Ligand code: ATP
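As structure tokens, one chain now follows by itself in the form predicted on its own.
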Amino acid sequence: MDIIKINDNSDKLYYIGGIVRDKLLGVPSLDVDITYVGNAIEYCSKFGEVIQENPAFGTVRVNVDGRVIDFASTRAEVYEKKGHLPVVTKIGCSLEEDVMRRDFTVNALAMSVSTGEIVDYVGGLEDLKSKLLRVLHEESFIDDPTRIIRALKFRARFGFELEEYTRRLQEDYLAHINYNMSYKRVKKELIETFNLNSQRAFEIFVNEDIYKLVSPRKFVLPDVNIEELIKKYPVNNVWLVYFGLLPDLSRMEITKEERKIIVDFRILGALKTDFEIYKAFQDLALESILLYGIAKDMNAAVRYLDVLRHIKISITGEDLKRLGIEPSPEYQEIFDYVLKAKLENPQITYEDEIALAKKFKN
């Protein structure tokens, strides 16, 4: 997303965070964050049609020339309850005080809307140049452990590494996790991270014990390149193919559909024949099949995806009626009988299938 030009000559309006980082890196930005030093609701409403206001956080959403922009007041926050949303203690603080509530130095850079001047209170420019992620204070991960996952996301997107002290803080937190945290926020960060489909990110997630934020039980990195697997077999929910491998998901808020994808692969046992593979996978989501392959039997999953799923029988219930067979549970037995034959010999024709149905009946 490009930086949008705001017609403002004050010295109090700043692009901040990811959009500044991405502009300096020369990569597209995913969003636009603009901060006003003062009360944004009072000042920024003049830029267009106000769509939404949130006085508690000092934010306002405005339609600026057909583009929806979020403006935020500079604010100070405290984490009264560690691992959960912070509490705003002041609206309209200084810009320096505002940036100190952010996650990493590279995300605490500001750029004046009117002049383009970069404001750097925390050494973010140097860390950006060195591709280092550095927290702003020693309790950063204690306040908000989702920052560990966010760091993983930036490591995957940009090739950043953790600054040494930040790495030690991460290791210390992961050795003493406070599981009373907002798992809704954890899930959001995991989805954004795993949807990047990065094998490197998943290896870091496992090898650095970041997975323990979600699942305390021991987890070993599967001997499968999941990134390449998903490139070959694209899925709708990339993140679930990574996330669904974790042994304990009891803390997570998972939808009924997401849970089904995970349960469907877990309840399957060994599949020995083509017919067993076909019947087990034919009604499953592709994510479930890939999870089964990664966790249990890749040969079975690939056999189905590359060959078996393209084999279909042609006869229908109407055909069986014409053969004088009354509708009953026997229909499924006949279809399975024909399917087994076609899996063994995909060249079987419609006429051959009719003959097989007659043979089964007789």
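One rule holds for the numbers: they count along the sequence shown, beginning at 1. Computed from a prediction, not measured in an experiment: that's the story for all the values here.
Form predicted in complex with this ligand: not shown, discussed below.
Just one of R101, R155, K212, K187 comes within 4.5 Å of this ligand in the model of the complex, counting any heavy atom, and that one is R101.
Just one of L323, L30, V307, I51 comes within 4.5 Å of this ligand in the model of the complex, counting any heavy atom, and that one is L30. Residues with any non-hydrogen atom within 4.5 angstroms of this ligand in the model of the complex fall in just one of 274 to 282, 147 to 155, 160 to 168, 241 to 249: 147 to 155.
Heavy atoms of R21 reach within 4.5 Å of this ligand in the model of the complex, making it an interface residue. Within 4.5 Å of some heavy atom of this ligand in the model of the complex lies at least one heavy atom of E192.
Under a 4.5 angstroms non-hydrogen atom cutoff, this ligand in the model of the complex has N107 among its neighbouring residues. Within 4.5 angstroms of this ligand in the model of the complex, the stretch 237 to 275 places no non-hydrogen atom at all.
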